[in-house]
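Okay, so here's just one chain, in structure tokens, the form predicted alone.
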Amino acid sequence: MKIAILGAGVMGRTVIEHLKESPIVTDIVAYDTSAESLEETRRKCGVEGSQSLDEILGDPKRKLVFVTAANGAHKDLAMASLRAGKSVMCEKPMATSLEDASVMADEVEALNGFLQIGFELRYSRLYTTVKKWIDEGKLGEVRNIQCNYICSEFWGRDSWRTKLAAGGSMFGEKLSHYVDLPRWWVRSPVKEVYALSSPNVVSYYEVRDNYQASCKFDNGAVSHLTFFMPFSSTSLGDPLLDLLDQQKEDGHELRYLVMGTEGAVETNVFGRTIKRWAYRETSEGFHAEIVERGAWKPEEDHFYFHNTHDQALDIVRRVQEGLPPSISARDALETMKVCEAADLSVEQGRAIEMKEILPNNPPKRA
């Protein structure tokens, strides 16, 4: 299969290296509007490069396109590829506005095309283990989810991700992963969202550097995300030390607590652990007991909490076999609607009901 990578930056090069491991992939071409980025990718990855999007999309043998460009280019590149008859994988967020994301979902359905959005945490072993235990009934019905995500400022002054026009909000660019997982685990539509954000600490950010956001689901479950960006020490790290071991001692945290009616789970990225509790009631009262523990080695980090590798290879396989995406555009749009609701809640100072977030007529942002 011949594949195109639209966006020859760091993410594009990462995907190229993943795709080299697929026996299905026979040819990879990279595209970028920046000749410098394109040359760097050709040199580092050993693939062909082109600055002619028309030439790439006009090749009938090039079946699959990965959109790995900056967020502001997602919609145009994905739509052009879909209309050229290509299957498309697009990194999250779908687009920098809910209106554009809705157009993308409508378009792929009208074309009966293939569009998968890059929520690679649904492929990551840490979080697929939680999903497996939920599906097996080991947690009962999920009732509460708490995510603590605390990190340092890691983009820097010159990153496009700090700009609203180029990257969209922090929720779409970064935090969409951490509201997508609860949607996947709870298996019930989000009913309403309430979020708060204090004034930024990082002065050069156009996007927010902190959130407290809660989601209420139709079935009564609640999830909450606590996010602080500038709290922890530098993420640059000491090259002589393991990065996660160093960061867990300097304030970094990425931890989920998932509580159900029959048990609970803790996932701890910086501790490299996962634990499961089972509940029981006795004549003395309610008891919780740890019944499963898991851990992984540093060299397995990628596969446990940001598994873009298996995501890329699975998408190739699905296109080759004529299967649908594992995450539909419509499903991804629902996550983006939650992100939009969170930002609206911050701006308007009230809970936002999801029925207000209509795909073709969303509430106006302040």
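Treat the numbers as computed from the prediction; the structure is a model and nothing was measured. Position 1 is the first residue in the sequence shown; the rest follow in order.
The same protein has a further form, the form predicted in complex with a small molecule, not shown here; the description that follows concerns it.
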>> Using a 4.5 Å heavy atom cut-off, which residue among S124, Q116, N71, Q247 comes into contact with the small molecule in the predicted complex?
In response: N71
> Given that the small molecule is left out here, which of R161, R187, K191, K131 has a heavy atom within 4.5 Å of it in the predicted complex?
Replying inline: R161
> Can all three of G260, E262 and A288 be found with a heavy atom no more than 4.5 Å from the small molecule in the predicted complex?
Replying inline: no
>> If contact means a heavy atom within 4.5 Å, which one of 331 to 339, 56 to 64, 27 to 35, 312 to 320 is the stretch that engages the small molecule in the predicted complex?
In response: 27 to 35
>> Does any part of G168 reach within 4.5 Å of the small molecule in the predicted complex? Heavy atoms only, please.
In response: no
>> Just checking whether L77 would be counted as a contact of the small molecule in the predicted complex - the rule being heavy atoms within 4.5 angstroms.
In response: yes
>> Even though the partner isn't displayed, in the predicted complex is H306 close enough to the small molecule, meaning a heavy atom within 4.5 Å?
In response: yes
> Though only this chain appears here, would P93 touch the small molecule in the predicted complex if you measure heavy atom gaps against 4.5 Å?
Replying inline: yes
